[in-house]
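Okay, so we've got the same protein chain twice, two forms, each given alone as structure tokens, structure 1 and structure 2.
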Structure 1
Amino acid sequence: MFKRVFILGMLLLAGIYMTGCGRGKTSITLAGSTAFQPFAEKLAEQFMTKNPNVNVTVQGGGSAVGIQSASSGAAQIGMADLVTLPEEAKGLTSTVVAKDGIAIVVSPKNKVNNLTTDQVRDIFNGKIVNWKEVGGDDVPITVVSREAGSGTRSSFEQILTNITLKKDALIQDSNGTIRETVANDANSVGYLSHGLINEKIKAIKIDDVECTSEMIIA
């Protein structure tokens, strides 16, 4: 588990625009962060059962899309998972709705269970290139990372400090695809939102700290 970290912000457009839709049915669109999308979908469902004449639509798109669409009015609520909000978000009201942790994950076939922060940094920097250097099998390490601009990636880099991702790291554009890539390749290592860990991958301890919900809140 990687310390506790990053913030899921929700941006409310000052003076919410409501687009009328058909006969008196109010419609609200949420757009943005893919990390937050599953939770937003569930919240929307609950909200709609309580308020049957409100229609809530949840869109993905990413944090930047969330901010842009809230600014432009394409969505009434933008979702972003970022540690710090960019310039564009100045005109919006933001509310922190959730906190999340980032876990380092490998394939369950991998023997390595524990890494130090320095080892993680060196793996993602490209200084450590073989699993045997950190106590695993003699196989090359495949590093999997998020794309530039991703909230998860910038949080990850902020926490690790002094990291320049190695050039040949595989890049995937969502938590789910990181999980799939790591699950499919026994030699790979990646990082993702702690809420999305499942049985296909293994989260490893960082400096002997395990990744649990309690640790994130603490």
Structure 2
Amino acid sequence: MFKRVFILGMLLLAGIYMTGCGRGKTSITLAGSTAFQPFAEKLAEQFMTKNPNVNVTVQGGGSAVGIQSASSGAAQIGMADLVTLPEEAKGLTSTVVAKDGIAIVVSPKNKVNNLTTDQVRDIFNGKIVNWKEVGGDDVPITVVSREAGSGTRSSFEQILTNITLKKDALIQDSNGTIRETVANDANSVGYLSHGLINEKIKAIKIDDVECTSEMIIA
């Protein structure tokens, strides 16, 4: 993890907070960041337990969808994991609800355990194309990335700087699919929210800094 730079503010971008219909249940829709979605779903469950007359629906789609949905009224709350908000979010009220780190992840079968910031940049730019160039096996590197409009990708590129994603990178539409793709390909590398790391993948050190909750909140 990049200790100084891969700290994200998970933002809830709120338009109209609740909508109701007569005497029925009040409905709230959240949409956006797939990194924050699992946590939003847990919060929604707890909220509905305490407030049985409220129905909360949580949808993904990415940070761009979260901003668009809150702006248009399609969702009452938009979720975005971004370092800075884009111009189109200026009309929304934002609240930071959590901090997160972006982890660089590989398969547990990959023997590489540490990369420098420059090496990460060169891998995703396509300048480093074989794991042997960074101390790994003599096999091609499969780069896995989020789609354009993803808050995780936007933050990754903004903070790392000078990133022009290689053209043959595999594009995935959520942090979860990034995780599964990397878990099933021993030669791949991707990035995702620290909160979604599990035993299927390995978070590698960046500049000798380990990706941990303690480093994120430090």
Partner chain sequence: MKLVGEKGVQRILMITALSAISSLLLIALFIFSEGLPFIFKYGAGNFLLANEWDPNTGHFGIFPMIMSSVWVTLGAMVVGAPLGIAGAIFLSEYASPIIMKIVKPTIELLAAIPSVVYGFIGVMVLAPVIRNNLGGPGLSLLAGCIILGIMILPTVISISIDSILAVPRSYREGSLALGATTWQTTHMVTIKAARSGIVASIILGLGRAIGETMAVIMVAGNSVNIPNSALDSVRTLTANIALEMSYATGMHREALFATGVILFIIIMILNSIASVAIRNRNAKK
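Here, a residue number simply tells you its place in the sequence of structure 1, counted from 1. The term rigid core refers to the maximal set of C-alpha atoms that superpose within 1.5 Å between the two forms. Since the structure is predicted, the reported quantities are computational estimates derived from the model, not experimental observations.
Engineer: The form predicted in complex with the partner chain: 1 or 2?
Structural biologist: If we ask which form is the one predicted in complex with the partner chain, the answer is structure 1.
Engineer: Aligning on the rigid core, do we see the C-alpha of residue 140 shift 2 angstroms or more between structures 1 and 2?
Structural biologist: No, shifts by less than 2 Å.
Engineer: Determine, after fitting the two forms on their core, whether residue 109 shows a C-alpha shift of 2 Å or more between structures 1 and 2.
Structural biologist: Comparing the forms between structures 1 and 2, which are aligned on their rigid core, residue 109 does not shift its C-alpha by 2 Å or more.
Engineer: After superposing the rigid core, is the C-alpha displacement of residue 49 2 Å or more between structures 1 and 2?
Structural biologist: True for residue 49: a C-alpha shift of 2 Å or more.
Engineer: Superpose the two forms on the rigid core, then give the C-alpha shift of residue 91 between structures 1 and 2 in Å.
Structural biologist: Spelling it out: core superposed, C-alpha of residue 91 shifted, distance 2.7 Å.
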